[in-house]
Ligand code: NDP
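Below you will find one chain, with nothing else, as structure tokens; this is the form predicted alone, and questions on how it binds or moves follow later.
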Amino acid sequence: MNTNYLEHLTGVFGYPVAENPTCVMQQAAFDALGLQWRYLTIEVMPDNLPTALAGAKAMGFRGINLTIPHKVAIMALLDDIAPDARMIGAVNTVRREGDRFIGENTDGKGFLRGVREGAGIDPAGKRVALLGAGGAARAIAVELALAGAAHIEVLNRSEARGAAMADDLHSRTGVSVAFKVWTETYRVPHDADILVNATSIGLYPDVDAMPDVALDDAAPHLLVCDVIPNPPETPFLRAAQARGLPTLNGLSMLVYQGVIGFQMWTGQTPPEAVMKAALEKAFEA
């Protein structure tokens, strides 16, 4: 009898990481395709990141996800970094290429895929209003710029952080980028095509919170997006839906970035519906 008990390993490094749901969708996809792969949720203290990465390489890990606080620190430890991830300044996915670990960023790619496939919108030539200037916002902004967005307005409460992100994005991509300090209600302009909440406002357990945004002047075609995956339908999205505006929830971004990582690691196309259903079930629990 020819039996192979070898399991290929992937996982996520973070601290804290106990509530990270990525294992749910990735393991569901591995199992659905009959792959002998495992996705592990691993708590790694910041000081232990170099040792953990070396251990993962020694144990033959096929891929790793990074979450808080490792997305920037990991960059100095990798063998190479994809150009767009270097532009973003953060890595959330590591893929193995022979004996080398390559850093990627699938957050913005996952969002972009959701806009194109989930909402059916091509961001080329579109005007975008982006709430936030953190890691998720930067990843989304870079991918939208590379996809040909005509203009991106960045809104953030910290002027230093927001202005620096806007200046860097413009200098790296050449796309028209403006910054506005977000200290009062933001009235979305009528010429905006896409509005993105890339902050943590509304994330579980603070599920009743919503960004201070007014949609009174919004055009009927404005696509309102939220990166919050849990809960998938936030008060922000419900307010947009009440006005008849199209919406895209954070579950889409989470699933699609996971799909892209799965493809990088295995070379196979994962069952997207299985991954989404597994997350929805987890969030209901």
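Here the structure is a predicted model, which means the values were calculated and not measured. Numbering starts at 1 and runs along the sequence shown.
The same protein also exists as the form predicted in complex with the ligand; that form is not shown, yet it is the one meant from here on.
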{"item": "Residue contact check: Gln257 to the ligand in the model of the complex, 4.5 Å heavy atom", "value": "yes"}
{"item": "Residue contact check: Gly63 to the ligand in the model of the complex, 4.5 Å heavy atom", "value": "no"}
{"item": "Contact label in the model of the complex: Pro229 to the ligand, heavy atom within 4.5 Å", "value": "yes"}
{"item": "Interface membership of Arg157, the ligand in the model of the complex, 4.5 Å heavy atom rule", "value": "yes"}
{"item": "One stretch from 95 to 103, 170 to 178, 118 to 126, 195 to 203 that, in the model of the complex, holds residues within 4.5 Å of the ligand by heavy atom", "value": "195 to 203"}
{"item": "Contact at Pro21, Pro69 and Phe262 by the ligand in the model of the complex, all three, heavy atom at most 4.5 Å", "value": "no"}
{"item": "Residue among Ala133, Ile152, Val91, Val142 with a heavy atom within 4.5 Å of the ligand in the model of the complex", "value": "Ala133"}
{"item": "Heavy atom within 4.5 Å of the ligand in the model of the complex - qualifying residues of 159 to 181", "value": "Arg161"}
